[in-house]
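There is one chain below, alone, in structure tokens, taken in the form predicted alone.
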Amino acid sequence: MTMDTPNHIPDIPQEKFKFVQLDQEIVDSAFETEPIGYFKDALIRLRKNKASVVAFYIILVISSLAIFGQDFNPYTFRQQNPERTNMPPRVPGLEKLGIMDGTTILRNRRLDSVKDPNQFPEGSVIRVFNQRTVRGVEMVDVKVDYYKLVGAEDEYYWLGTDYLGRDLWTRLCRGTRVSLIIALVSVVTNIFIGIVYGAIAGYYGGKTDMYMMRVCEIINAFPQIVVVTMFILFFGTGMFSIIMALVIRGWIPTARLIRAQFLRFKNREYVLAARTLGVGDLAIIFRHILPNSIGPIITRAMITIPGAIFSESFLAFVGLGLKAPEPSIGILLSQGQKVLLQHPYQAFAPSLMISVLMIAFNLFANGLRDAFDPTLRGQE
């Protein structure tokens, strides 16, 4: 063999070779930081999202009020008092600052009636304004201390009362609890059904996947409001009926999400290895593939909760909610909008509650989505 041959191997004597680092111990470099798992890394990134942290604490506060808020005053959510109807809000301490002090404006009152101590006790009238003459009668608007006007100086209704004299603070706390229970139960049911259905469709694929997805499309083709209305009209109103109405189509997006995750992971090497070792289908589905979908499942659940709260409130607003006297946020909104011009505070509190809940859950869900995003793992 000559030097011109392409595969020429030079003849180098063995004496010219020597061992490098023969006397040194060669080991892997030690980790300088603590190893971080998937969920711990997600939690670290979630904590750095200030908006999501604030939203989480807001959800905790509202949940605590929903559970314990009724115990803060002596009234019950169904207790009626015909002598205390449409009372304005009055809160101890704030009344001295002129905020929620129990005052209200009575419009179109005769001027001579304002001077009658039987109709307006001493100290109840704060200001008389907008004096005018209507068909020869002197008319005025009067700002009064409504609690003195009705002889309730020692009573406090933090959010006022409704047309039946029921305390709105207690009813709002009770209604928030009911709305959250409906939302949580319906979401958990939807997630469970969606996981099982989507896992079977995605894992087995083929005709099984095709038939199962066509069933989803058929169910999803019916308008939501029509399906919900027919369901409630058939089974009647109540918490169970509303939950089932929200479950009829609510599981389909979760099923599609889980199906996509299984189509993505079912042919990975660790799944093929488990199948080669004789691991059963159920074990592969729930022990090897499903844990990779925990992040999207949690994110999906948190995104679905505000939608369920809004759907329940909408059903209650249009008259398909719970039976009286059980309240919910939607029922309080429906009752408040009827007297919006006369007593706006009755609609303000439930509208503020549902707005804060929707914003808080959406912000927290956005934070969870970013925290569980595998493409962001390890980033500061």
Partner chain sequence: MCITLFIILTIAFMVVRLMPGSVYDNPEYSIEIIQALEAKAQLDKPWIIQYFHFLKGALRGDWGVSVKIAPCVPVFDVIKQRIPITILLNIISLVISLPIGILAGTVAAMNRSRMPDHIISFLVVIFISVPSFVFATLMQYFLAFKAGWFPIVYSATAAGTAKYRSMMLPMLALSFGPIATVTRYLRGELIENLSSEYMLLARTKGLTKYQAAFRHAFRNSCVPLANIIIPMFTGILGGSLVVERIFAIPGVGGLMVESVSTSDHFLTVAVLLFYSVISLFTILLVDISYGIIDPRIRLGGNE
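All values derive from a computational prediction rather than experimental measurement. Positions refer to the first chain, counted from 1.
The same protein has a further form, the form predicted in complex with the partner chain, not shown here; the description that follows concerns it.
Contact annotation for the candidate site: F310, F317 and L363 all lie close to the partner chain in the predicted complex (heavy atom within 4.5 Å). Heavy atoms within 4.5 Å of the partner chain in the predicted complex map, among the stretches 75 to 83, 215 to 223, 293 to 301, 265 to 273, onto 215 to 223 alone. With the partner omitted here, the residue from I58, L340, I44, L65 that has a non-hydrogen atom within 4.5 angstroms of the partner chain in the predicted complex is L340.
A heavy atom within 4.5 Å of the partner chain in the predicted complex is found for one listed residue only; from T189, Q119, T229, T208, this is T229.
Using a 4.5 Å cutoff between non-hydrogen atoms, F39 does not count as a contact of the partner chain in the predicted complex. Although the partner is absent here, A347 sits close enough that one of its heavy atoms falls within 4.5 Å of the partner chain in the predicted complex.
Taking the partner from elsewhere, N49 is found to have every heavy atom lying beyond 4.5 Å of the partner chain in the predicted complex. The shortest heavy atom separation between L97 and the partner chain in the predicted complex exceeds 4.5 Å.
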